[in-house]
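One chain comes next, on its own, written out as structure tokens in the form predicted alone.
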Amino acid sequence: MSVARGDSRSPIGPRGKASTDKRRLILDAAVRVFARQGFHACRVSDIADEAGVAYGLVYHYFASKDEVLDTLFLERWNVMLEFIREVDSEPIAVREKLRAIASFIVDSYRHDPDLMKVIIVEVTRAANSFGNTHIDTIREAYDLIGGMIIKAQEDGVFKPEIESRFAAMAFYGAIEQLLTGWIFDLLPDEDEYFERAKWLVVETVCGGLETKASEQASVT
């Protein structure tokens, strides 16, 4: 039996939904503030003002602005990890898997550039703070991509002499550099260039990894 929105029998009743909405409102406001001012330069009161809520309400949901940033990062990173796992389970060529991952990350930036800016600038590149805190979670993405590369090496598609971890970091690093270029307005942001950038990443990385036999097969 379906449950109407707001029905008291719903697992999340009106109060629970209102609470979820307020929490989301605060997180979305934090993205805008962090992207505009930088994490370290802003205060919790700035987030509250941006969200249009009382200062104390932010602390009702989050112990600190650090927890707000942690939440934003983990939400998005875990979505990406799940996508990588799904792609890896598909019976498709490794080049197609890497193209799907590159497309997902680039499209994530196009959909929410402020959030991706915050994740890159304030977390993954913050080696002495948040990056160090989340290093195991960040490494998980490299390990999943590295596993794809190892399988391709075992199948004779990729060169065995290139370390899988290095190749995985080169692949993700190339995408991250593209995002950085867009963040700082160093690259064109037309639709055509976003699509070309996806191809450039995959072609550059796979072109360096593929064996001669697989290169010829991909051409034909």
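Source: prediction; values computed, not measured. Residue numbers here begin at 1 and follow the sequence given.
The following text describes the form predicted together with a further copy of the same chain, which does not appear among the structures shown.
- A heavy atom within 4.5 Å of a further copy of the same chain in the predicted bound form is found for one listed residue only; from V157, A29, V68, L178, this is L178.
- The closest heavy atom approach of I183 to a further copy of the same chain in the predicted bound form falls within 4.5 Å.
- Of the heavy atoms in D49, none are within 4.5 Å of a further copy of the same chain in the predicted bound form.
- Among heavy atoms of K117, some come within 4.5 Å of a further copy of the same chain in the predicted bound form.
- a further copy of the same chain is not shown here, but in the predicted bound form it comes within 4.5 Å of a heavy atom of F166.
- Proximity to a further copy of the same chain in the predicted bound form holds for none of N78, F104 and T211, with the criterion being a heavy atom within 4.5 Å.
- Residues of 30 to 57 placing a heavy atom within 4.5 Å of a further copy of the same chain in the predicted bound form, in sequence order: F34, A35, R36, Q37, G38, H40.
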